[in-house]
Structure formats: structure tokens, C-alpha cells
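What follows is one chain in C-alpha cells, specifically the form predicted alone.
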Amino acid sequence: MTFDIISAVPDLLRSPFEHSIMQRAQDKGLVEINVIDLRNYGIGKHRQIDDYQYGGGAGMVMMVEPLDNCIEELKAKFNYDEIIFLTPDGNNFNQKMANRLSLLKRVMIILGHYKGIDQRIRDQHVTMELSIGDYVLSGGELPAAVLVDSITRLIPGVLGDGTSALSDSHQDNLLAPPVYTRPENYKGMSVPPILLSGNDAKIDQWRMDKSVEKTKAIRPDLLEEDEE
């Protein structure tokens, strides 16, 4: 899968994609991540990419021309399954969306900054608008790292155990059950005996029961969604 990410501050994305699972996924050739510097398409000798908004108001807006030129150049070279704009007023990103997006071949991700991007880019090019939560950040770089990481780990071959992602929280609208590792006893706290029994069927049932119990206590809304 290929991610083409348009950013006004590309250096902010360097670390998240150059370590751990993300780096290994790229080394294996399972994922390609290209970060495009929007400044290369800026206007004039200062490579301007933002300007004051029409109608007045606080905050600068990313200009239509640099973004349009960048997007059109990429679209002329590649076919995109989705062109995503990360914005606080987009649809809330969730695990179901990550599952669906992980099946795609190539996506473009547009990152906002300042007060946002010129609406004409959203009208002309964007096919999906996503938010990682009901709050505002300084730019789209951190949300992009979240989005790409959550999708990449679902791609077959990325994780060492291919079934690991299937037991994560929010798969099947349930939170993940408690997990334990060695030592068996620590400061008077013991691992539940069922996990030491070797009985796979009973362990699976225990984990399911704990997932349901935890979801009811912390996120009952997820169970309500499942009933709809």
C-alpha cells in the first residue's frame, strides 16, 4: 500500500515513520510512504502557501493554488482510491474505517495547517474527510501519523503474528481483555489461573467474557452500536 502525504511541515513526520513497526513495514516493501513538501509548490520567491482569509477573521488559510498544483501533479502520475483530508470537522476515524482503508492500494492524505485549507480544494479533490477526535491540533501531521500507523498494522505481513491485530480493542466493537506476562506472581498479584490451564477453549471464553465485561463498564456505547 502507498501513502502520499502532502504536508507544510514534512519534518514533523520523520520520526513516526522511521522506527519500529512502521520502518519494518517499509523495509519489507509492504508499505510505501511518500511525504511531499508543499513548500515546493509555493508561490513566489518566498514559496508562499498561506494567506489571510476573505471576510476577515483570525488565522491564516492554506492557499488553493499550491495545493491544487501539487494534487494535480500527483493525480496525473497515479490513480488514487481515496484522497483524504484530515480535519477536526471530518468524520470520526475508527477501527472499521482502518480495516476498510487497509484494503486499498494508494491513498493521498492532505494535511491542514493554520486555520485550514481553501474550501475549493475540499470541493474539487477530497473524497474523504476524517478526524481523529473532537479536538484541534496545530496541524495534520500528528493525525496523519495516527492514521497511517493504524492502517499499516492491519496489512498482512506487517505484524509478526498475523492474528494480533484481530484481537485489538474495537475489533468487533469490543475492548481488548486484560493481558499478563511473567512473572506469574508479583507483589502478591497473581495471573488468573485460567490463563495457565492450557485449555484453549476455556481461555478464549474467559477473554471474550472479560472483553464484554470491560466494554460494558467503560464503553457501553460500542455494544449499543453493535445492536443497531
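Keep in mind it's a predicted model, so treat the numbers as computed, not measured. All residue numbers are counted from 1 along the displayed sequence.
Not pictured, yet referred to below: the form predicted in complex with ligand ADE.
- V136 belongs to the set of residues with a heavy atom inside 4.5 Å of ligand ADE in the predicted complex.
- By the criterion of a heavy atom within 4.5 Å, M108 is excluded from the residues contacting ligand ADE in the predicted complex.
- Although the partner is absent here, V158 sits far enough away that none of its heavy atoms falls within 4.5 Å of ligand ADE in the predicted complex.
- Ligand ADE in the predicted complex is not approached by A145, whose heavy atoms all lie more than 4.5 angstroms from it.
- None of 120-128, 86-94, 148-156, 99-107 except one has non-hydrogen atoms within 4.5 angstroms of ligand ADE in the predicted complex; the exception is 86-94.
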